[in-house]
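Consider the single chain below, provided in structure tokens and representing the form predicted alone.
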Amino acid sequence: MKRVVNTLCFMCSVRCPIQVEVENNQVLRIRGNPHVPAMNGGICPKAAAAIAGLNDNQRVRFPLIRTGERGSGQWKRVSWTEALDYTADRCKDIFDKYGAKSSIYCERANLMSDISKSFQKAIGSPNHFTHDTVCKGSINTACRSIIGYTDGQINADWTNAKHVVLYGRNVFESIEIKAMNSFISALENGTKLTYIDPRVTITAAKATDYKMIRPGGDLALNYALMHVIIEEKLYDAQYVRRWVEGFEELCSFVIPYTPQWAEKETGILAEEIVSLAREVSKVKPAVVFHYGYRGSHHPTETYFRRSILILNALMGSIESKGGLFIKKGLKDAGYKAGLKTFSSQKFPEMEDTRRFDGCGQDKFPIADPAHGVGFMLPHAILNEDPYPIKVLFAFRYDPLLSNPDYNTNLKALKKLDLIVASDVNFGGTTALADVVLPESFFLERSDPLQMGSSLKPAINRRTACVGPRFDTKPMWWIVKQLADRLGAGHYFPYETAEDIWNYQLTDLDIKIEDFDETGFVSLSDKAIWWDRNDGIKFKTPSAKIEVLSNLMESHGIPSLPPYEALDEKPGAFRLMCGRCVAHTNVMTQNNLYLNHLVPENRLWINDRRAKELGITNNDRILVESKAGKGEMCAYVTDMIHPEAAFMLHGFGHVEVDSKRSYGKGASDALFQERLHDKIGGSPALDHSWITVTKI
């Protein structure tokens, strides 16, 4: 008998609402949840490929203990009891000698993160970080320094925006279905899109105006835009007077950063910069200068992302229709409490609260400990700073291929005494593990409820659509089993997903069955906007938008430091990385369908530069940097800036169990140096220089 299940996708971190059609324990079809109008029934290629992922016999199918050298692919299949007992016994031995602080738990931020953080607190370790820190930690820091909210607590009103400015935010390939359906409708109704990127992307092709900027020139462009907006008094004066702290200092700061100055740094003509400033100002406050998603490009990342938010402040567009909005939650919708969390329990005091990464402490005082600074993982392991790290719980996250400098990452991981990996697929780090605890695919498992904060907040539920294909378990079960064996099981008072849901709903008059019809519970029928004249609840110390940031200045970090010119390296290329619509980071390259769509990456290089090097399209090339070298194929095109080279992130897999993706393309981590933003902690993934030689 056919049935439909309304749930959440997890082929990427967006978690779109989907409807799954099931018959005889088989998934027949996946489409956008019809109860969510903005989905329009649509899904992306990754969601369509979930059926292939579900039935893939190259998945991690049962618990494994390593029998050969790390990375050899030599495993022993074991029972769950043996795998969990082995893991717990090894942990106890190590913790007896080095303490629980010698363990680090890393994960891709997900619906399980509250339970993950609770696990580390329960066993007595301060060390937890998420993929967010490698992806967008500096955006998080920038947002908190200016408005007091994280980037995850704000969004763009795509539907009502009149002019959107995107900086390499390739929204039509890094797809969020609901938002992009709304944005496409807006574009069809006259909204303008200015897209700024050294590379011509799908989003650039849909733009009203595309500007091919020098790689790394975005901060200079923004300072020049501010110069024009302030000099010509194009800003929203009433909004700035009411909400912006430090405007006078900003006026003085941008005086030297003229459009003529910026032309040399950006390659964009001065008159085009002036024109853009005037154009966006005409439709303020319905303007979005988008703050970005991946914010890990250059060492000045925090300042670049701050500059974007300052431009929004000048337009009066923060908490304005057609601009940016602060997401609203349960209390904004009239509820007295939120979802109950496991991490809010009282845990034992830790013997040592110093974090491995110094996040929120000495090394990165204003970075967000909720996500940590994953860039510091290899340093902490290799240098035993601030103490020896011996155990890594790598759950749904692959630091080997996600952090820059592959060779240093590999050296660090091989030094560990114990790697415990839990994932759906084999990845670089999973292949190095001592024990693998396989997680069920998202279509096979139910997860904790998601608080969907937005203009119209809702609580969303992921629920199992079919039974497990192999001997796999949900992550919340795995964590509880480990906690039980380590004497901390009482912090996880559940046996089933329903127990978790009931725990989360403890303080709310909402029942599990309320989710059955649509997959979510709507908390407000109307969009919740705060009064932009006197009702915006900024979470900064001044309760305003802080151009001069209390958070930064109180830690000796300048809010508006002088601009530092871009360095140059004749004969080299500035390496950029990014995504395509067919893949999610390092997770999907071995998926049957997605591997067929995009089986490997190539290096984009400018056609004029390629001609000088004697390179033609699809030639085999050697790519070298200070971090490493590797081979791949060239993609010769005029659609990239001459100073830049580009490659898709996520390829170069060499784990023997991933047969489709094995040896295809190259890993960008192989060429990326260990460069980072010293304020927000994000790696500078687009800042390394490479040289290219025809083979």
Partner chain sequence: MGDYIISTNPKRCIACHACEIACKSEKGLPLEVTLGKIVVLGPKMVNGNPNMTSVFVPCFHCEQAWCMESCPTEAIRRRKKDGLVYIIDSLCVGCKACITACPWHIPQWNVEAGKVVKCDLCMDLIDAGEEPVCVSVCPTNALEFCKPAELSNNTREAYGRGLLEKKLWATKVR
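Positions refer to the first chain, counted from 1. Just so we're clear, the structure is a prediction, and the values are computed from it rather than from any experiment.
Just so it is clear, the following notes concern the form predicted in complex with its partner chain, a form of the same protein that is not shown.
Chemist: Check each of Ile512, Cys251, Leu592, Ala337 and return the one that places a heavy atom within 4.5 angstroms of its partner chain in the predicted bound form.
Modeler: The option sitting close enough to the partner is Leu592.
Chemist: Of Ile308, Ile175, Cys135, Ile318, which residue is found within 4.5 angstroms of its partner chain in the predicted bound form when only non-hydrogen atoms are counted?
Modeler: By the 4.5 Å heavy-atom cutoff, the listed residue in contact is Ile175.
Chemist: Using a 4.5 Å heavy atom cut-off, state whether Ser145 contacts its partner chain in the predicted bound form.
Modeler: Heavy-atom contact with its partner chain at 4.5 Å: absent for Ser145.
Chemist: Considering non-hydrogen atoms and a 4.5 Å limit, does its partner chain approach Leu648 in the predicted bound form?
Modeler: No.
Chemist: Mark Gln504 yes when one of its heavy atoms lies within 4.5 Å of a heavy atom of its partner chain in the predicted bound form, and no otherwise.
Modeler: Taking the distances in the predicted bound form, the answer for Gln504 is no, it never comes within 4.5 Å of its partner chain.
Chemist: Mark Pro34 yes when one of its heavy atoms lies within 4.5 Å of a heavy atom of its partner chain in the predicted bound form, and no otherwise.
Modeler: Outside the cut-off, so no.
Chemist: Looking at heavy atoms inside 4.5 Å, which stretch does its partner chain contact in the predicted bound form, given the options 661-669, 622-630, 35-43, 65-73?
Modeler: Comparing against its partner chain in the predicted bound form, the contact stretch is 35-43.
Chemist: May I ask whether Ile255, Ser554 and Glu643 all come within 4.5 angstroms of its partner chain in the predicted bound form, judged by heavy atoms?
Modeler: No residue of the spot touches its partner chain in the predicted bound form.
Chemist: Hey, which residues along 259-284 are within 4.5 angstroms of its partner chain in the predicted bound form, non-hydrogen atoms only?
Modeler: If the 4.5 Å heavy-atom criterion is applied to its partner chain in the predicted bound form, 259-284 yields only Glu272.
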